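One chain follows as structure tokens, the form predicted alone.
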């Protein structure tokens, strides 16, 4: 097998997803106002600014609207809760996204819970996550959707496969594991207290890593022809962006690894736009 067997170019795959959404939007004969994404940002961090600009550009590329609601780092919990509620009440707002991470002074779970589940574009409210548990979901958290899209677009079979999900966060690990279970995969969730991580990885057909640490996964743990989905984004001292796995060494072993940057990341942004479109269709009661 060659590395070119799979198309892990997230930028190209994201373009396909955005193009499909654009076609569906433009096919409407006389639509009301276009979908509108409201992004709530706290502080002025370079990384968040970069991610938000990408999300806004992707929305505008499809023909959707995006607005940015920026608050100072010392904003109070009450002020943010009130603002989120005002966005819930605004009929012009289709979807609401709180840009993470938030300062430690804020209760992230409480703020996410404040979002109307009908406007939860990232699928992170208790109602949306509960639907994922029961299998009655209509949209997935954006990174989970990106991972599933990457596998689906490469026609990678999930039914019966052994998948090692490394990372148990509510943002990526848990919802991704649940989504994979609904595809009849056998999923092992690993975390910082897992006793024999190497053994779990060696036994897996597919390994998904989302831990934000490039010093944990060792190349010798990966078997040839294993599919590795690298969700991590880490900045080195020299400014270079790397993932959570030693990609070059793993590829040299004959495994298949998504690139960082340019793998899951662009598809996550495209999935956000797709989710906004799904919310719009729900709100407009479209089939």
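Positions refer to the first chain, counted from 1. If you're wondering where the values come from, they're calculated on a predicted model, not measured in any experiment.
If you look for the form predicted together with a small molecule, you will not find it shown, but the lines that follow are about it.
**Q** Which pick from 131, 87, 80, 197 sits with a heavy atom within 4.5 Å of the small molecule in the predicted complex?
**A** Answer to the contact question: 197.
**Q** So which of 149, 210, 206, 139 gets a non-hydrogen atom within 4.5 Å of the small molecule in the predicted complex?
**A** Partner contact (heavy atom, 4.5 Å) among the options: 210.
**Q** Tell me whether 216, 264 and 268, taken together, all sit within 4.5 Å of the small molecule in the predicted complex, counting heavy atoms only.
**A** Every residue of the spot touches the small molecule in the predicted complex.
**Q** Flag residue 113 as yes or no: does it have a non-hydrogen atom within 4.5 angstroms of any non-hydrogen atom of the small molecule in the predicted complex?
**A** Flag for residue 113 set to no.
**Q** Looking at the partner-bound form in the predicted complex, is residue 75 within 4.5 Å of the small molecule by any heavy atom?
**A** No.
**Q** May I ask you to state whether residue 168 is within 4.5 Å of the small molecule in the predicted complex, using heavy atom distances?
**A** Looking in the predicted complex, residue contacts with the small molecule include residue 168, since a heavy atom lies within 4.5 Å.
**Q** Can you tell me whether residue 247 touches the small molecule? I mean in the predicted complex, with a 4.5 angstroms heavy atom cut-off.
**A** Result no; residue 247 lies far from the small molecule in the predicted complex.
**Q** Spot the stretch among 87-95, 153-161, 103-111, 187-195 with residues whose non-hydrogen atoms come within 4.5 Å of the small molecule in the predicted complex.
**A** Heavy atoms within 4.5 Å of the small molecule in the predicted complex occur in 187-195.
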